[in-house]
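This document contains two forms of one protein chain, each encoded as structure tokens and listed individually as structure 1 and structure 2.
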Structure 1
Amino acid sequence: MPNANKQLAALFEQMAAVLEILSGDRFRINAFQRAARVIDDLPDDLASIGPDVKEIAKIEGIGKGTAQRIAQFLDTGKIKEHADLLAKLPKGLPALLDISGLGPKTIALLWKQAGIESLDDLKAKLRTDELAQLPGLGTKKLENLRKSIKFAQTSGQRVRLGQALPLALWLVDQLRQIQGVKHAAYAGSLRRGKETIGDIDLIVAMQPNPKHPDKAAQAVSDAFVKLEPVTDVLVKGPTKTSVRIAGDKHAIQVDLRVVTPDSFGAALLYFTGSKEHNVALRQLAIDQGARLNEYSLQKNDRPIASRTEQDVYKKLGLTYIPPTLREDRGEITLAQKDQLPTLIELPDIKAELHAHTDASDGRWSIRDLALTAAERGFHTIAVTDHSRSQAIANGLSNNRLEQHVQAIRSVADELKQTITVLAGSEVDILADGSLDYPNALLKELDLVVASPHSGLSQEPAKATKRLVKAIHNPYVTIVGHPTGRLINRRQGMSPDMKQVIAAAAERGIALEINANNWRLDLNDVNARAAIDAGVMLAIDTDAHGPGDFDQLIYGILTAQRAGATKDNVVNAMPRTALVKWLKATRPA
């Protein structure tokens, strides 16, 4: 049973809410809520203990009654009491609990006094203001409720890293300009560089005003809710404020926490997560006779570290763990042994090996592409326009490719003191795994990025064969965006990555992390598997025009999450080593 804790915590949470709607016993409601919290924070999966009431009851914070219910769930996959409680409500009513701003008490009111039994009922009643008659509702609250319902229906989706990061950087910059703010930072999954973000978490450290302790924090939240892109204020308190920023295509929630400079490090650590990493750190603290929370690391009830994350890790006997590794995937053990990898960083990238020009679907000339790459400090740029089958992208016919290579060589010659310009192609991997140009033509190029663009809904077995066959073409240097997925838009292929990676290892070629924030393909997990198999990565932006090199950061964050060092990445090689590596991938 995967992740029994999460399911169990949700069940207890729901039992508490349903009981509250039914105006049940306060004592039982509290007990269910407490059980949900304890289970949610457990470091180990309850499924690993098994349905043994005695063993489960040994866990701190879990009483016998809760243990019996947990055992029943582990044994049967259900808690009978949960089903019994749900049976007492109209079928459509529990769904209302998912709407932010709607708690059990209000739901009970809507049900008993307005006859609302489902989301559809509620939406119908919200077309007028008649519900404003109910105690505690009012027109303002109804308006918020309409917005929340709309949000619940349009948001479902997590936003892409590339949507959230620029917004967060702007927000942090605004917060830093507020008087009295000492530090401002983004935390959460965004700081960990995840490919999609549920909400943005911001932390601000504000010097408290000794005479008016609450006023300083209040000033931050007042300024925050007035920021131009904020469309709704969900929560506004002295230490926590939540707002919504709704654009045309997406809506995102932003949580802001205000802390004192003293506890900034502990708060940043806590709200960066991941939750799993936090749980493991807390356990480590307990093992050392200490306690860790969002305010500090304490021993004998006295804080011993809190100002910076570095202090907290150090006092726990760990080297500093970069946010991108904080997923409880073994990083804590490595930090204990001082064996964390030195992760690749943006300035380590010295070459771009996948870029387009106006010969296919790019928006700049060979020369402008090369000069932009040089400005970024790259020693090498590869020109890789689309191949002949990519008709929509103005892919090059055999003849046009030959002319294009000549044009590239002439720019290369002109700019040879400035940057090395390589002649390549992004060659389609056709559905059967053959390439879109004959080998005689591929041989004339300095490198070949082979990518799948169509037939992406192929069955996994076919997709695997297709990629493995392409990799065995002797002229392929890099497999570009290996699955072809587009985040939140298209799933792409699901090949057996083990086989694809094994083939790449055998051939000594690289697999791409396409840095475009729609792609991030390879993803973090597959990139990790590639590294483990000794396969080199290419972190490429797939640039089509000015500004596209800025996508590189998303590829770097993904590579960091995979634990990549600069030794794992071909674009981080010095010029001579890169040229040597390129030559080594192809027949002499």
Structure 2
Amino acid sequence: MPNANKQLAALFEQMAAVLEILSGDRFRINAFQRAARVIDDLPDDLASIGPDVKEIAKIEGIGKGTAQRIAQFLDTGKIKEHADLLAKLPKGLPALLDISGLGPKTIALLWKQAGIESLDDLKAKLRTDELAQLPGLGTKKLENLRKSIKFAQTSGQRVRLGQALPLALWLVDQLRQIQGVKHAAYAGSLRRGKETIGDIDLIVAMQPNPKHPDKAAQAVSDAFVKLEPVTDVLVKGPTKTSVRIAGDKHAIQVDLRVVTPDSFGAALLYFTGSKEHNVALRQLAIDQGARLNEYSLQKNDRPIASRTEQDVYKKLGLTYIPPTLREDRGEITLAQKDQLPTLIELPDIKAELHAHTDASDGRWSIRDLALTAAERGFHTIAVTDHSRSQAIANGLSNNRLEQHVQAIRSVADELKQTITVLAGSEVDILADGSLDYPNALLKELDLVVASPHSGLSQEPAKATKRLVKAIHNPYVTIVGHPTGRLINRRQGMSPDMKQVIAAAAERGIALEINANNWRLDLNDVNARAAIDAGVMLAIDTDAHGPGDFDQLIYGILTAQRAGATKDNVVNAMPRTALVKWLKATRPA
């Protein structure tokens, strides 16, 4: 069972939402929401414990009732209460939860007062403004809903990087356990670190049996289709098998290809892509009197490289090109000149500059956050809880922030031999570009992460002016998730990033790649533009609990796609250099 924690967290989140639509007991709603957060933060997969209620209940934050539901899922793959709650709603109603701007209370209103029971019903009602008569729904809200529905539909059936990668890693691990498998890897756009993927490509190298060439490959296919999460088998053969695997919202197609060890490198290269990169490589091979396909690089009808990708690139006269750069954006020319950047890697990150505690909407204390960061090998952690406008996130009032800073300083003094703890805040960029706290208060902080959270449907010109004004505040250190988008759910703002980047360059501050897999904001294109303009990047997890630090890999992949090296990233700096940079961004 891949990633039982994620599946369980999604079920508890949906139970909380459905119960809220049904106007259920607030205590149960909060309990389900809390269970989802605790489960999502667990470092170990609950599937490893199994359906043992007593063992599950030993986990901090999980009560007996939650443990029983978890055990039921681990035993049967379902939670009966989840099915019972869904049965109380029209079948098409839960799908509305996927539309940005539609929360449980609004969905309940639409159902009970307007008779809306599905997305099709809502789309029909939105052809006019009749819903504007309902409490809390005006013409502007209706127009935003129309845009959200259109965006959700145009995002297609692609899944987020953060959904696909854990599943692919689990599948690869399962394949490697099959007798006779020499190599197994995931390929495709997932290996290139794209923020969304259409399907998962897997490549397996299997040593053939000389007497029965297809038998070994068939054994892989047979084992693959029997894996627990497989719901449908589309194609099954000795060299190619395609299945569907149940996802959070819709099934994910997974394609498995079986090759011999001699062809593994060529196959991995071919099926990783991109198409444009492969076309350029094939042309380069032709120019050298050779041919390149998914089996090998050949010259005079004889294979000259195929076992590893490195072998193929070397024979083509290229240094190895990392998968995240394979988009035909000049990487082949750089590889010919041995001028490819040394891309930033996960171990290069030595500081987290955007993290939340239980003072706002985080799930750990200042001390626990700091110690967890130290365990990860970080030399610095910044505590950046939400500002006062974020009431939904328990944002801090002016007085609470002052008290919070004192608490942070106390922990910083206690742990000074272990890790540097900075007092900061994630301060809302208000609609007009002003910040949520006065400068006199911002002055007392070590750093300010200024982020937009509301008004995300602003016209591009207003959004640009808003961000540029915030950047010119002398106490802003980093602009957090600049567009406010949520991948596949909310488009966010569309500012003129050229102007935003220019303003950040002028101020000498950083723009954030928020590593949360729902955000990845800046995206790779804007991150590349920032690097070209000399703007530093900050790769942060926006951590709210221990498990969030694991999302750092998604920010790293996005930065790699932008061609970032550790010299482009502020939280890859040594401690003294980071402190010096932070001071340089603020008034003397």
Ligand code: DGT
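Remember, it's a predicted structure, so these values are computed and weren't measured experimentally. Rigid core (definition): largest C-alpha set, two forms, superposition within 1.5 Å. Residue 1 is the first residue of structure 1, and the numbers go on in sequence order from there.
Between the two copies of this chain, it is structure 2 that is the form predicted alone. In the core-superposed comparison between structures 1 and 2, T66 has its Cα shifted by at least 2 Å. Positional change of Y295 between structures 1 and 2 stays under 2 Å at the C-alpha, relative to the superposed core.
Fitting the two forms on the rigid core leaves the C-alpha of Q406 displaced by under 2 angstroms between structures 1 and 2. Relative to the superposed rigid core, A57 shifts its CA by 71.6 Å between structures 1 and 2.
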